[in-house]
Structure formats: structure tokens, C-alpha cells
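Read the single chain below, which is given as C-alpha cells and is the form predicted alone.
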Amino acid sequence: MRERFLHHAALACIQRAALRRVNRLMVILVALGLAGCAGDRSILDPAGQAARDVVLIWWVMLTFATVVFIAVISLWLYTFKRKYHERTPQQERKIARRWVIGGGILLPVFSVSALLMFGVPAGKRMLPLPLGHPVEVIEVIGHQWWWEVRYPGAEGGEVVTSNQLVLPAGEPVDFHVTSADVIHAFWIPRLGGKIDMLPGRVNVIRLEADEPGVYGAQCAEFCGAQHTHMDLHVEALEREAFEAWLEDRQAERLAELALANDEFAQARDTFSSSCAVCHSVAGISSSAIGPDLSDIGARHTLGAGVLPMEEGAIQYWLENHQTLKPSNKMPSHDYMETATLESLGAWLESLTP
């Protein structure tokens, strides 16, 4: 008797310990799930009408899938508990017809129709349809592995920058996206859906940010070894601030900034002889092979999200870029002295409109 009591007591302890572990696991899973509901790249934290449409479709699909999952599991469990009854061939055919009609026809028709009811209007709102007034156009070109961003409608002339995207808040913006090499995908999760960037083709998507703020973006199509290091810093500004941002990046102003300080004359010469073949700086070079560096000092990151922009960051990037972002197309700078790289980095960091 005593041994049986100890045996049951041990089993009870094991069950309680297992239950505690299960509870802890559930808490961890719930916490991880809730962590995905916020952040600058969470579709569950929409900041624009297009994103709200996408998340509504997501919730509808999740709810419907959950109901179907529960129904299927319930029917599966029911098959283990129901009593077996002899049926005639006619009864078997009748039951089979019910399942074919209900599960094979009615259920797919209902689910697809419901999805289209939500999805078609949402997709239509992302199309660049005429609105009766001009819409801001921003061109985004994907490269391995960086972003080229152009503002063709800027007053005073086209503005070009790299690895950062600034848009006006509270109004629709048409993004004309394409690729210079392989297939990329343009995606700002909190503002709306993604769209492919195809070489030789321009796709258009209309997005809108409800209010000023910073939004994460990334390439959403595998595009090579450094796909994960292809982030895009997105910031929405009030219209007046947006216009001021564009004005500060007019070519004439950027050229004045680049040539302003005689202290960096040697750094400018180094750039002209070693970097200008690929990179553009207003007033010095106009190559479009690599990212435009005319306002690089004002950007938030280097290497499309690899390093935060801070004092000394550009020199560190120049010395270690193939380690930080292997296979990028910029050649090594081992032939340059440390003092030369330091001066070059300091000059580039001063390019802050």
C-alpha cells in the first residue's frame, strides 16, 4: 500500500512539473507572438490605409483558418469516439455526396468569395488611379545591395539620394519601382503591401503614411548573398518639412557643401582619383554605378543598414566593408594609408545638408 501511495505521489509530482513547464512554454510563446504585433516592421501595427487593408485581410484569413482548423480537428476526434454503424451502399453514397458538395464545393466557393470581397477593394486602393489632383512621385531602384531613391518632381530639379526614403505624411504617394540587376521587392510593412522590382519594368504602388514618423523597410525578395543587409530607412515628414528636405538637397546646395571647406581639399582629391568612378558627389562627380554620397553625412546608417552613422563610421566602413558586407562590389582600400582614409571619412561625414 505504501509503495502504491509513493508511486501515485511521484506521478502527481511529475505531472505538476510537466504542467509548469507547459505553462512556462505557453507564456514564452504568447510573449513571442505579442512581440511581433509591434515594431517598425510589423504588419500588425499599421500606419496607413493600405496597411490597414492588408492587416484586415490577414485577420480575416487567420480567423477563417482557425475555424477550419478547429472544425477539422473536432471531426477527426469525433471519428475515434463515434460508434460504428452498418450502412447500406446508398447511405454511404449519400454521405459521400454531402462531403463532396459541402467540403469540396461550398466551402472553397464561400472562402474564396469572402477573401475576394476583402482583397479586391484593398488592392484597388493601392493602384495609382487618378485622384483629380497631382500625386507625389518617388522613384525607387533596387541594386545589389542598396537602394537608389529619386524625386523627379522636386522643385528646382531632380533630387537623388541612397538608402533613405523621405515622403510627405498625410497624402498618397506613388512609388515607381524597378531594378538595376536582379529581382528585388519593395516593402514598407507598416504602410502597405510589397511589390516586385523587376529589371526593365516599372511597377507602381500607392502608399500613404498617416502621420510623421520613422518606418522600417527592406528588400522582400531574395536577391543574393547580402539580401538581409538591404534595409531602407523610411521617414515621413509634414509637407513643409518635406519640401525643406528636398530644397536642402538641390544639386547647387550640395555642391557648395562639398566644396566649402578647404581643410578637406586633400580628401576631395582622394575621392576624385579613387572613388568618383563609381560614386557621385554633387559638384565633384556624377557616376551612378554606386550609391550617391552627396548627403551621406545626414543618413542614419551605412551599407544599407549595416552600421549606424556616427563619428568615425565611414572610415571604419572603408577599412572593413568586405568583412561587414561580404561580396559587395566596392573594391578594397588596402593601398590607402590610415590617415588618408580618416580624412576621406571625415569629409564624407561633413556632407550633412
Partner chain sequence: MTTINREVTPQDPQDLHSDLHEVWGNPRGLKAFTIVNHTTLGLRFMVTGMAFFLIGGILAMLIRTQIATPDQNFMTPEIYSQVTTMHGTVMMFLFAIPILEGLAIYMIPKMIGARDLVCPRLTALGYWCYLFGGIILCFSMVIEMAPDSGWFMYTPLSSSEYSPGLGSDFWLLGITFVEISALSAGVELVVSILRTRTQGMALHKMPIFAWYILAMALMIVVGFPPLILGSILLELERAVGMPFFDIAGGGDPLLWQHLFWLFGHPEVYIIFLPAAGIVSTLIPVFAGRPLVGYGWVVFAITVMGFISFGLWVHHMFTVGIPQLAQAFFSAASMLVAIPTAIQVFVWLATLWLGKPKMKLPMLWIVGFLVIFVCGGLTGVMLALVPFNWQVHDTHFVVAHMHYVLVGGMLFPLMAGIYYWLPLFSGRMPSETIGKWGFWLVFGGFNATFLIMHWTGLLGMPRRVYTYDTGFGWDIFNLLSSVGSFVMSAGFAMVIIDIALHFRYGKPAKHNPWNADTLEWANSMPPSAYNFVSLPVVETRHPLWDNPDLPRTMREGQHGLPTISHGRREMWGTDPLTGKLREIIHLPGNSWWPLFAALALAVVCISLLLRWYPVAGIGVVIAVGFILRWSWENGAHPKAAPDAHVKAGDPPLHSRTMDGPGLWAMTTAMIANGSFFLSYLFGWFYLWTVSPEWRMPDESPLSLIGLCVAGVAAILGWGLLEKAVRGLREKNDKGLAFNLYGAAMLGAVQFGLVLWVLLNANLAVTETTHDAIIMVGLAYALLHSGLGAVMALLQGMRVGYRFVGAHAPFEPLVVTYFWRYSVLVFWMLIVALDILPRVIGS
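Rigid core (definition): largest C-alpha set, two forms, superposition within 1.5 Å. Residue numbers count along the first chain shown, from 1. Just so it is clear, the model here is predicted, and its values are computed rather than measured.
Omitted from view is the form predicted together with the partner chain, to which the following refers.
Exactly one listed residue, out of A258, A209, V159, C219, brings a non-hydrogen atom to within 4.5 Å of the partner chain in the predicted complex: C219. Among the residues A244, I95, L131, V277, the one placing a heavy atom within 4.5 Å of the partner chain in the predicted complex is I95. At the 4.5 Å threshold, heavy atoms of T228 reach the partner chain in the predicted complex.
Contact check for S42: a heavy atom falls within 4.5 Å of the partner chain in the predicted complex. Contact annotation: Q144 falls within 4.5 Å of the partner chain in the predicted complex, judged by heavy atom distances. Contact annotation for G103: at least one heavy atom lies within 4.5 Å of the partner chain in the predicted complex.
Per the 4.5 Å heavy atom criterion, the partner chain in the predicted complex is contacted by stretch 179-187, the sole one of 179-187, 232-240, 166-174, 248-256. Shown here without the partner chain, the chain has only S327 in 327-351 lying with a heavy atom within 4.5 Å of that partner in the predicted complex. Comparing the forms between the shown form and the other one, the C-alpha position of P152 differs by less than 2 angstroms, with the core used for superposition.
After superposing the rigid core, the Cα of G224 is displaced by less than 2 Å between the shown form and the other one. A displacement of less than 2 angstroms separates the C-alpha positions of V214 between the shown form and the other one, with the rigid core held in common.
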